[in-house]
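Read the single chain below, which is given as C-alpha cells and is the form predicted on its own.
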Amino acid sequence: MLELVKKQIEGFVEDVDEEAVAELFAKIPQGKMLRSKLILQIAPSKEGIFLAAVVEMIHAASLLHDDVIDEANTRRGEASINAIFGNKSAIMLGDILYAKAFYKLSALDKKVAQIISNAVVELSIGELLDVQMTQNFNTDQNRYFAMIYKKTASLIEASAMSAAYMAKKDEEAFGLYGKNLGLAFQIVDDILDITQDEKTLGKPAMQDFKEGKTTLPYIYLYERLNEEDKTKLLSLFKKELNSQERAWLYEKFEETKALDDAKKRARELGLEALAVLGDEDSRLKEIMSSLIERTY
C-alpha cells in the first residue's frame, strides 16, 4: 500500500502544475514512511492512503525547512535540497508542499483536518523551541521532552489518532501509541547520533552536540558528572570535536551509563504504549518493538 501512497503524492505534486516544483520534489531523498505505515496499519483504506499522502507531504515540508535551519548538507545520506539548490528554493518548496497538503487536507473529515493541522502548529512551535534551545546547554529533561513532543511526536500522534477516528477505533489509545512512538523514535535517533558512524547516519557522528542540541543522553551525562567534568563537558558544547575529545565523551558515557539509561527510557515509552493497545494490533507491536530495539 505504500506504493499507492507514493502515487497519491505524485498526483498531488502534478496538481501543482509547475515543472520546477516537480523537479525539486524528485530530488528529495526518500524516507522510511513511518507515518504512512502507522496510518495504513490502523486504517487500511482509500481514505487512509489519502491521509498518509497528506501527512508525508507535511513531513517532507518540515524537513526541508529543518535542513535550512540546521544548515544541513545531507539528508538520509544524500545531498539535501538546500545544499544543491540553495536555501531559498528549499524554503519555497517546503511552503508549496505545506500549502498543497493543507488544500488536500480540507477534503477530509473536519475532525481529521483539525487534528492534523493542530499538530502542524505544534510541530512548528517545536522547531522554534529547538532553535532557541541551541543557545545554551540545556539541563532540563522536561524542557527536552516538551520540545521533542512538539517537533517529532505531535504529528505521529495526530496520524494515529486521525487514522483511528476514520477506522472507528479508540482514538485515545492509538493517540498515546503514536505519541510514545514519536518520543521513543526521537530518543533513539539522539542515541544513534552518538553511537553510529557517518556512513550509517548519513551525517557526521555527534553532529547534534556540535549544532547545540542537548539531547537526553547529554542531559543524563551532565547530571552524573562531577563539577570538574561538568565544566569540561560545557566547554565542548557547540564545538568541532577532535578525536581525544570524542574519546573522552565516549568514556564518560560508558562510566555514567547515560546512554544505557536513555535506551531504557525509550523502551519504557514503547512498553507503555504497547500496554495500552493490549492485544489490539500485533503489527503495531512489531513497529514499536523494532524501533526501540534498533541497533545502537
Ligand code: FPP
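Treat the numbers as computed from the prediction; the structure is a model and nothing was measured. In this text, residue numbers run from 1 along the sequence as written.
Keep in mind the form predicted in complex with farnesyl diphosphate (FPP) is missing from the figure; the text below concerns it.
Note on contacts: among Ala258, Ala43, Ile58, Ala266, the single residue with a heavy atom within 4.5 Å of farnesyl diphosphate (FPP) in the predicted complex is Ile58. Proximity to farnesyl diphosphate (FPP) in the predicted complex, defined as a heavy atom within 4.5 Å, holds among Lys104, Arg224, Lys213, Lys179 only for Lys213. Shown here without its partner, the chain carries His65, Asp70 and Tyr98, all of which come within 4.5 Å of farnesyl diphosphate (FPP) in the predicted complex through at least one heavy atom. At the 4.5 Å threshold, heavy atoms of Glu127 reach farnesyl diphosphate (FPP) in the predicted complex. At a distance threshold of 4.5 angstroms between non-hydrogen atoms, Leu183 is out of contact with farnesyl diphosphate (FPP) in the predicted complex. Although the partner is absent here, Asp170 is not a contact residue: none of its heavy atoms lies within 4.5 angstroms of farnesyl diphosphate (FPP) in the predicted complex. In the predicted complex, Ser80 stays away from farnesyl diphosphate (FPP), with no heavy atom inside 4.5 Å.
In short, of 70-78, 133-141, 158-166, 110-118 it is 70-78 that has heavy atoms within 4.5 Å of farnesyl diphosphate (FPP) in the predicted complex. The partner is not shown here, but in the predicted complex the stretch 133-158 reaches within 4.5 angstroms of farnesyl diphosphate (FPP) through a heavy atom at Lys151, Thr152.
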